[in-house]
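Alright, two takes on the same chain below, each alone as C-alpha cells: structure 1 and structure 2.
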Structure 1
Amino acid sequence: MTGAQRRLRWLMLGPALAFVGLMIVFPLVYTLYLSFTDAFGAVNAEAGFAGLRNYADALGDGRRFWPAFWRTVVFTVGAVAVEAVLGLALAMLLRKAFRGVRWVRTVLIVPLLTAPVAIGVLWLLILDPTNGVANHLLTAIGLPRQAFLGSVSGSLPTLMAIDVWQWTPMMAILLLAGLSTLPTEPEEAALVDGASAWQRFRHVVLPMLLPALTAAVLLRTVDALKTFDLIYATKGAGGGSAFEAETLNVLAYGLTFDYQEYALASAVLVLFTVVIVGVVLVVRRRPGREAV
C-alpha cells in the first residue's frame, strides 16, 4: 500500500472515527470522570475530587444497589434462557418449508417492529388488575384474578414474560439464519445411519449451530442487561413503590434525574459497564466464541 493510499484510507475513515469518539468515547470518559467527583445538583456546578467514595457508597448500599444488581441478573438470565430455548425450537420448526411459512415468519417479526415503551403500555393495559383482558380470561375459565404488574412479588416475573414475548422472535430469526448456513451432509449421513430426530439434533445440528447460538445469546444478553424502556413504562420511577422491579439502569436513571446525584449515578453506570464487559468476556470464552 502506497503512502497516498494510506492517507486516503485515513481520510475516508476520519469522519467515522470522529463520530465514534464524539458519541461513544466522550460520554464514557466524562461519566468516568464524574464518578470520581462529588457532583450534585447540577452537572455544570463546581465539583471536587471524591476519590473512590462514590464506588464505596454504591457497593456498600444494601438497600438499593445490590437488590437492583441481583434483579438485573435474574431478569437477564431468566429471560435470555427462555428466549434461547423457545427461539431454537421455533427456528427448528421454521427450518423446513411448509404451507404458510412466509406468513408465520412475517408475524414473528411484528413484536420487533414496536417500540419497547409502546409494548410496555400495551401490556400494562392487558394486565390491568381491574379491567385488563388477561384477568377477564382467567375468570372466564374459573381461575382467580392476578395482580401481575401490581404485585411486588409478581412484577419481575411478569416483566420477564413480556420480554420473552417481545424478543423470542429475534432469537428465532438469528438462529434460523444460522441453521440456513449449516451443511446438510452430516445430518443426512446420520439419518442413513438410523439416528432419530433427537439424536440428529443433539449430536449433529446443535454442535454445528453452537457458534451462531453463542453469538445470538451474547447479543440478547447485552441488550437484556440494558433494558430500561419496558420497566420504566410499566413500573415508573424506581421500578415501583417498593423498588420491586428496579434494575441497575433504572437505579442510575433515578439517581440522575430524580435525586441529581450525578457522581453516584456515574459510579453506578461505571460498575454497570464493568458488569456488561465481564459478561461479554465470559460468553466469548465459551465454546463457539469464534463466531462472536
Structure 2
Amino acid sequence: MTGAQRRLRWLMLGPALAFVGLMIVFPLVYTLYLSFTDAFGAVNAEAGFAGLRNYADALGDGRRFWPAFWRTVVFTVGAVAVEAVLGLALAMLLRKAFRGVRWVRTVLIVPLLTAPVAIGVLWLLILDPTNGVANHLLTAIGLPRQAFLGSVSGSLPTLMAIDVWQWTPMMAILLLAGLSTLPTEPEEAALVDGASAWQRFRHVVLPMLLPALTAAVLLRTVDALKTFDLIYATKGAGGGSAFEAETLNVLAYGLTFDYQEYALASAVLVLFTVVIVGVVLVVRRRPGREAV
C-alpha cells in the first residue's frame, strides 16, 4: 500500500471512528469512575472515593439487584429460545418459493419496524384486564380471564410473549438469508439415500445452518438483555409496583434517573456490561463470528 493510499484510508475511516470513539470512550471511562465514588444527586456534584462499596451494595442487594438479574436471565433465555425455535420453523416453511412469498416477507418486517413504545401501548390495549380483546376471546372459548400485564406473576411471561411476537420475524429473516447461502447438493444426496424430511433437516440442513443460527441468536440475545422501551412503556419505572418486571437495564435506569443514585447505578451498569460482554465472548467462541 502506498503512502497516499494509507492517508486516504485514514481520511475516510477516521471521522467515523473518531465520532463513535468520542461518543463512547468518555462515557465508559466516566461510568467506571462514578462506580468508585459516592456520587448522588446532581450530575456534577463533588463526589468522594468509595472504593468497592457500590459493587458490594449492588451484589449484596437481594431485594432489587438479584431479582432483576434473574429476571434478565429468564426474559432473555426464554424469549430468545422460543424465537429461535419458531424463527427456524418459519424460515423452513418460507424456504421454498411459492406464490405470494413476497407478501409474506413484507408482513414479516411489520412488527420489527414498529416503534417499541407503540407496541407497548398496543398490547396494553389488547391485553387490558377488563376490556381487552384477548380476555374476550379467552372467555368466549371458555377459558378464565387473565390479568396479563396487570398482575405481578403474569407480567414477565407476558412481556416475553410480546418480545417473541416482535422478534421471531427477525430471527426468521436472518435464518432465511442463511438458508439461501447453503449448497443444495448435500440435501439432494440425502434425499437420494432415502432420508426422511426430518432426517434431512436434523442431520444435513441444521449443521450447515449452525453458524447463521448462532449469529442470529447472539444478535437477539444482546438486544433482549437490554430490552427497555417495551418494559418501561408497559410497566413504568421500576417495572411495576412490586418491581415485577424490573430487569437490570430498567433497574439501572431507575437508579440513575428516578433516584439519582449515580454511583450505585454506575456499578450496576459496569456489572451489567460485564455480563453482556461475557455472553458475547462465550457465544462467539462458537461458529458465526460475524454477528452483532
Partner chain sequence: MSAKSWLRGGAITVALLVLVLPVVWMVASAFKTNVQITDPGSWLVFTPTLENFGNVLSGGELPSSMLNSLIVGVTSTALSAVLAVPAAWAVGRFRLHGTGSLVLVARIVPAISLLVPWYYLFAQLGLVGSHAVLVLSHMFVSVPLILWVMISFFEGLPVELEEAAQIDGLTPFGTFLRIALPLAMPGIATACVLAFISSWNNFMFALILADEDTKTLPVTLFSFVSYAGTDWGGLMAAATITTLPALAVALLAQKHIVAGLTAGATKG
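Everything numeric here is computed off the predicted structure, so don't read it as measured data. We call the rigid core whatever largest set of C-alpha positions still superposes within 1.5 Å between the two forms. Numbers follow structure 1, counted from its first residue as 1.
- Of the two forms shown, structure 2 is the one predicted together with the partner chain, while structure 1 is not.
- F19 is not among the residues whose C-alpha shifts by 2 Å or more between the two structures once the rigid core is aligned; its shift stays under 2 Å.
- Structural comparison between the two structures after rigid-core fitting shows the C-alpha of L8 displaced 3.1 Å.
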